[in-house]
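Shown here is one chain on its own, the form predicted alone, set out as C-alpha cells.
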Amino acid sequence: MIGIFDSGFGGLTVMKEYLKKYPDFDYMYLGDQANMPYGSHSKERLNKLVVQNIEFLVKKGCKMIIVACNTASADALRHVQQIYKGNPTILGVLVPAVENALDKTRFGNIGVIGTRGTINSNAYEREIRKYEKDLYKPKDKRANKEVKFYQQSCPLLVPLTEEGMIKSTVTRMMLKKYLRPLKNAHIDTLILGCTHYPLLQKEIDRIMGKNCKVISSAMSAADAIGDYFERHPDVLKSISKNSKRIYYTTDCPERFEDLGSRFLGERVEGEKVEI
C-alpha cells in the first residue's frame, strides 16, 4: 500500500495523478487538518508532525510514503529519510518538479509560486542549484549560461481554493497580482509549488501565456515514480494491488469529505483519527 499525507486536502491532487497512472495500487491518504497550515509551524514542530504522520502510516502497513505537502517536503523530508533509512521508502514532491523544470526550460528563466512557508524555506532554489549543472541544457543560443530563478509567495491562493472560489473574480485578480512580477521577469517555466495550485492551473496557464511552461509538482511526482520503480523493483513488488482507497483525517471529517471530493474529483469518505 502507498501512503500519501498532507496537512489537509492539497495532497489529494498528488493522489489523483497517482491514480491515473497506477489505479490498481492500494492507497491510504492522511490529511492532518488538525495541524494545518504546516507553513505556520517552526521547523522543529514540523519535523515532529511529519514523523507522527509517517509512524501512523507505517503502522497501517504502508510500504511507500509520499510526503505530498510542499512545505513538509522542503523542510522535513531529509530529516525523516535519515530516520527511516529506506524502510519504508519516503519520497517528496519537490525534487521531481525541479528536475522537470530544468529539463523543460528553454532560456533558463524559472519561477516558482508557493505558500509563504515553502518560499521562505528557499528549498526550491537550493534544489535548482543542486541539480542545474547536470540537468540544465540551454535550448536556445539566447539562453542564460546559468539558471535565473524567481520566487513568489501567494498566501491567499490556498484559502481561496479551499473556499471553492476557483473561478471567482477575486481569485483571478489575486493570480494576476501574484504572477505579474514573474511575467515581468520573462520566465519561461513556472513551477506550481503547492499541491492546491493544480486546481487553478487553467487560469494560471491563461495568464502566463503560451510561451511559459507550467509545471505541476503533483504531476511531476507521479511521472517520476515510474523511473523509481525501474531502479527499485523490490519496492514495486511490495505494494499491494487491490484498488483499495482509505482516507483518514485528524479533524472534521465532514469538511474533509466535502473539500477532498472536490480535490480528488471523486467521492471521498474520511475517518477521523488521532495521531
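All residue numbers are counted from 1 along the displayed sequence. Worth saying up front: this structure is predicted, and the values here are computed from it rather than measured.
Keep in mind that the form predicted together with D-glutamic acid (DGL) is not shown, yet the notes after this line are about it.
None of the heavy atoms of Met174 is located within 4.5 Å of D-glutamic acid (DGL) in the model of the complex. Interface residue remark: Val95 is not counted as part of the site for D-glutamic acid (DGL) in the model of the complex, having no heavy atom within 4.5 Å.
At the 4.5 Å threshold, heavy atoms of Thr115 reach D-glutamic acid (DGL) in the model of the complex. Using a 4.5 angstroms threshold between heavy atoms, Ala101 stays clear of D-glutamic acid (DGL) in the model of the complex. Partner contacts here mean any heavy atom within 4.5 Å of D-glutamic acid (DGL) in the model of the complex, and among 205 to 213, 54 to 62, 220 to 228, 32 to 40 they occur only in 32 to 40.
Along 157 to 174, a non-hydrogen atom within 4.5 Å of D-glutamic acid (DGL) in the model of the complex is carried only by Val158.
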